[in-house]
Ligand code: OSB
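This document starts with one chain, in the form predicted alone, laid out as structure tokens.
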């Protein structure tokens, strides 16, 4: 596949409501969008899931764009003709930055699959036509406001609730949600907010019959998660710690996790995500697809991934309306708690170009 040019674009989308986690509050989403055009005029789209600031991971939007512009795209130019399966190898000399690398790989994958008239879901090995939807609920100003927000999501039909927690916002809000909805599948996400010394506190979450506790400790503290898993009965799930197939293998070998959240951007792309899925499927480890407040471009690809057989828990694959008044693609609309898996070729969606242009703060075209 020959590339003609790449367009790097930065857009800004306001959120429906502020989204607060243990590492900060987001009121809007700055997103880097990549449009890749082949020599045959086929267009591939992707988005970078990095945030505006290096809070969730070391990557952030401006740095990802700079890395693509200065190093990753030139490396692909030097490589000449290649397939999407070659991208990870070509970019491997440049350390880290899986989100930037995933952005390039996904746009290439979208274009390649369009030339082959194949959907991403089919290419990845999906066996479902729809997937159950979970929703991630941020830290609210008060417990009554949290209950009101959760009530709305349950009325909408979401199949699973995930509560963001942090020290001082954990036992009481979780207890109140569980008291109101004794049967709803419920899990919590700490985004690394706790320490090894918090084992006794986190063990008190066992009484609430949670699906899992997600990433309670620092992403580098695999041993700490293994020790914590011996203190709590609730399954420990790793998110930020899982950056590759190798890291997943290590975490499982050390018994640091019994559930894995797979985020394609965090692991370098959908090809690596499938490898982690296949490992977990063979080991009997449940996985689910996490979210990064994606627009319809990233959401479409995530829904395709979540349709693979090993994804047995509802992920953060919510409807477009969960975060955005208006999405940049046709909105993903939930029906009875499920989203349909895109069946079109490539990722199965294209952006509304007029709307995209209206929310663009920066755009540049790089000839290939």
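Positions refer to the first chain, counted from 1. Nothing here was measured: the structure is a model prediction, and the numbers come from that model.
Here the subject shifts to the form predicted together with this ligand, a form of this protein not shown in this document.
Peer 1: Do residue 263 and this ligand come within 4.5 Å of each other in the predicted complex, heavy atoms counted?
Peer 2: Yes.
Peer 1: Please run the contact check for residue 293 against this ligand in the predicted complex: heavy atoms, 4.5 angstroms, yes or no?
Peer 2: Contact check for residue 293: yes, within 4.5 Å of this ligand in the predicted complex.
Peer 1: Does any part of residue 311 reach within 4.5 Å of this ligand in the predicted complex? Heavy atoms only, please.
Peer 2: Taking the distances in the predicted complex, the answer for residue 311 is no, it never comes within 4.5 Å of this ligand.
Peer 1: Test of understanding: in the predicted complex, would residue 59 fall inside 4.5 Å of this ligand by heavy atoms?
Peer 2: No.
Peer 1: Of 178, 164, 114, 225, which one comes within 4.5 Å of this ligand in the predicted complex, counting heavy atoms only?
Peer 2: Of 178, 164, 114, 225, the residue with a heavy atom within 4.5 Å of this ligand in the predicted complex is 164.
Peer 1: Identify, from the list 136, 97, 241, 119, the residue with a heavy atom within 4.5 Å of this ligand in the predicted complex.
Peer 2: Selected option: 136.
Peer 1: Of the listed stretches (184-192, 141-149, 75-83, 198-206), which one has a non-hydrogen atom within 4.5 Å of this ligand in the predicted complex?
Peer 2: Contact-bearing stretch, as computed: 184-192.
Peer 1: Going through 308-325 from first to last, which residues have a non-hydrogen atom within 4.5 Å of this ligand in the predicted complex?
Peer 2: If the 4.5 Å heavy-atom criterion is applied to this ligand in the predicted complex, 308-325 yields 316, 318, 323.
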